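What follows is a single chain, given as structure tokens, in the form predicted on its own.
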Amino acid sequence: MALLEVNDLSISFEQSAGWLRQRYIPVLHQLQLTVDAGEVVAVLGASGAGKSLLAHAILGILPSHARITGEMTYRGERLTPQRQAALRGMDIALVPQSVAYLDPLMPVGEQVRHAVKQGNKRERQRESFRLYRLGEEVERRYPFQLSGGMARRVLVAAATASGARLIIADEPTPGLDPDVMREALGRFRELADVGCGVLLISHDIASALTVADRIAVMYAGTVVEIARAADFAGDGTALRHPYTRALWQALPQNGFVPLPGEPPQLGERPHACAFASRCSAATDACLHEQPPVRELRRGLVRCVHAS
């Protein structure tokens, strides 16, 4: 049984369309994803693909004008708003993308201690600070007294000290120097190795591949492929979706091949393949129908041509 399971998740936001009229702008559609205990699943994609919205949906912290369909379960039980509130910060912890999540009026050590649910709070906080090269003097400082990199390390420390079984890390490494970044990612790997599940949201394929077991690739609000980390090798022939191969081949070490065109604008929910306008293999079928998700070579793909 998966620790976290997301089935056909769709999200749209209510927007005024004129006098007494409302419309819904779709942002995520028919998204599928699982995270097992003991694994790191990295969610990759360009800015605007919907990666952070996925994290906020799992935690139940979307704004009130969001409309959600589909189903999410944690340990086999449905994630209702009431259950999300009970699990948030306890069994499910977030490493947020922005350091603005830190309380500006509270010393950061105290904030991390608030996240600790079991054991000696101060000892757990200091142990976590040592892991991320934060001295004891840092615990008495306020967020405005920290550099951007130090503030990010505090956020990671809070999540890993919490004792949560599912860690959602939303772009946790920007601003960290390479050594600290490797330590932070390595810590997520260690948490998975002792039975936690980690959902690592990132745009950095290379760093994600150092710790991830599986990679979920998002495009225009949905997951187009879920592949094993080992499939990201060579020229990408083991990958299933043309967008995933394009991302891989765009890396400097893989040829630096640019991908022409642009993704659909936010709110353009395609009735066909969202990638069709940029895909050299697109046919009429791609332009008129939404490709279903199917299993292929021990992975998942949303493409009628994948083989």
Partner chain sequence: MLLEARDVSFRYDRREDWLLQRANLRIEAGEIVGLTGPSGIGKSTLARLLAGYRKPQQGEVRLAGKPLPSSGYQPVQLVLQHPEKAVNPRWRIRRILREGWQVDAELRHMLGIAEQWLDRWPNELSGGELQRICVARALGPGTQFLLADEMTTMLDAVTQAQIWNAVCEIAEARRMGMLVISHDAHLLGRLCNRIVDIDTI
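Positions refer to the first chain, counted from 1. Between two forms, the rigid core is the largest collection of C-alphas that superpose within 1.5 Å. Since the structure is predicted, the reported quantities are computational estimates derived from the model, not experimental observations.
Below, we refer to the form predicted in complex with its partner chain, which is not included among the displayed structures.
S.K.: Please pick, from V27, A238, A272, A246, the one residue with any non-hydrogen atom lying within 4.5 angstroms of its partner chain in the predicted complex.
M.R.: After the contact test, the surviving option is A246.
S.K.: Look at the stretches 27 to 35, 66 to 74, 53 to 61, 248 to 256 and give the one with heavy atoms within 4.5 Å of its partner chain in the predicted complex.
M.R.: After filtering at 4.5 Å, what remains is 248 to 256.
S.K.: Whether D177 contacts its partner chain in the predicted complex should be assessed with a 4.5 Å heavy atom distance threshold; does it?
M.R.: It does: once its partner chain is placed as it appears in the predicted complex, D177 has a heavy atom within 4.5 Å of it.
S.K.: How about A46: is it within 4.5 Å of its partner chain in the predicted complex, going by heavy atoms?
M.R.: Contact check for A46: yes, within 4.5 Å of its partner chain in the predicted complex.
S.K.: Can you work out whether S280 and its partner chain are in contact in the predicted complex, taking contact to mean some heavy atom pair no more than 4.5 Å apart?
M.R.: Output for S280 is no: heavy atoms all beyond 4.5 Å of its partner chain.
S.K.: With the partner left out of view, is R189 within 4.5 angstroms of its partner chain in the predicted complex by any non-hydrogen atom?
M.R.: Taking the distances in the predicted complex, the answer for R189 is no, it never comes within 4.5 Å of its partner chain.
S.K.: Does the distance between the two CA positions of Q82 reach 2 Å or more between this form and the one not shown, the core being superposed?
M.R.: No, its C-alpha moves less than 2 Å.
S.K.: Is G148 displaced by at least 2 Å at its C-alpha between this form and the one not shown when the rigid core is overlaid?
M.R.: Passes the 2 Å threshold, so yes.
S.K.: Taking the cut-off of 3 Å or more as given, in which direction does the distance between the C-alpha atoms of L28 and A100 change in the predicted complex, closer or farther?
M.R.: Those two alpha carbons end up farther apart in the predicted complex.
S.K.: Answer with closer or farther for the CA-CA spacing of G149 and G186 in the predicted complex compared to the shown form; it moves by 3 Å or more.
M.R.: Relative to this form, closer in the predicted complex.
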